[in-house]
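To begin, one chain is listed below as structure tokens, in the form predicted alone.
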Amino acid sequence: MIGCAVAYELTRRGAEVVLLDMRQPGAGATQASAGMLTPYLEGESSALLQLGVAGLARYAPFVEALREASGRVVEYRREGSVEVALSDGEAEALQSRAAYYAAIGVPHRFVAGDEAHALDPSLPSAVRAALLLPDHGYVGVHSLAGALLAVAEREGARVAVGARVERVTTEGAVTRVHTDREVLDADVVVVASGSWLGHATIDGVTSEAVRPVRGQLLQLSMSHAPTSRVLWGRACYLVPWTDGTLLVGATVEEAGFDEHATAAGVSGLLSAAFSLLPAARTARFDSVRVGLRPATKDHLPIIGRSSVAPGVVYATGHYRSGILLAPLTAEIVAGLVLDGDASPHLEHTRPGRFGL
């Protein structure tokens, strides 16, 4: 998703772009993403929260412009998320979170007991409390990636599918990309390789700044969506689409580059989903998807110009926030590459913190 968004933004601003992907674009971690736009639930640090809120603010105009440019349908809904407490301890934790949101001015609504059912009748009888964050939502990942790629190609981007980048070298003022098929010269190379950052050398250096974290995601189908909001529980989250699709995610596993689904992962997600949304028991099981999220040690992405290779710009390491941060990342990278503009957000994401 990050590569597609950057290619889209650069081409629409007049750059000549070649997009290199060892798979089909969008077939890596992107295809196993539920597309949640929930910065207040996943902001593990103040810096990540700032990035997430900035990313969310850009989504509506980003999708609107993309729909107009592509002529495609991109599912995008902002009807909020509901965090659910199924025990007294979880309810107390939710109440503390509500107090925090009140202190920083985040719109929210905390309800307990029977009021939780009034907020969302799909919740289980065991619900103790619920916390609504009305600004949250989701985007259809497959339709988003497809529209980005279609516009980029129409604007002249060349997409090299199945091209494996082996190394990037600096040759004077030229940055050279060596793939298993060809050698390409560029003014700037944007590295958006996700978990596979360490599979290519850049000016002779192989980095371990990003590691893969496996996530398994389930796709279920129902005749109609029992809720219109993202549901978030202790052991899973649920994303309901307008067509009755229900996405259940996601495991967090340190499994290296193993992209296999597991019985334990599927079983655990189903059990958690049934606890959070009882109606899911009647759903049809469609598929399980597996993706490798690109994680950094500080859980912040790596975005910005390389501190050692002047022709290289990084846009990787987004971990669980790749979809949320795609428009913001594309904006930052395009501004940096085409105008030399340094976004204030680069303070938190600079590659130099990992020696890149």
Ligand SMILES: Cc1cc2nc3c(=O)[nH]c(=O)nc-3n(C[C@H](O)[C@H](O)[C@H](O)COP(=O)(O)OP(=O)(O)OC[C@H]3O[C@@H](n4cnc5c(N)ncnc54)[C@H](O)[C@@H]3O)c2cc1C
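Because the structure is a prediction, the values reported are computed rather than measured. Sequential numbering from 1, following the sequence displayed.
Below, we turn to the form predicted together with the ligand, even though it does not appear here.
Proximity to the ligand in the model of the complex, taken as heavy atoms within 4.5 Å, picks out 160 to 168 from the listed stretches 160 to 168, 71 to 79, 116 to 124, 88 to 96. When the ligand is considered in the model of the complex, Leu356 lies well away from it, no heavy atom lying within 4.5 Å.
Not displayed here, the ligand is kept clear of Ala7 by more than 4.5 Å at the level of heavy atoms in the model of the complex.
None of the heavy atoms of Pro212 is located within 4.5 Å of the ligand in the model of the complex.
Though the partner is left out of this view, Pro240 does not reach within 4.5 Å of the ligand in the model of the complex, counting heavy atoms only. The putative spot formed by Met22, Ala29 and Leu217 is fully lined by the ligand in the model of the complex; each residue has a non-hydrogen atom within 4.5 angstroms of it.
With the partner removed from view, the residue among Pro327, Pro294, Gly52, Gly311 that has a non-hydrogen atom within 4.5 Å of the ligand in the model of the complex turns out to be Pro294. Distance criterion of 4.5 Å from any heavy atom to the ligand in the model of the complex singles out Trp196 from the list Phe110, Phe274, Tyr101, Trp196.
Residues of 321 to 347 placing a heavy atom within 4.5 Å of the ligand in the model of the complex, in sequence order: Ser321, Gly322, Ile323, Leu324.
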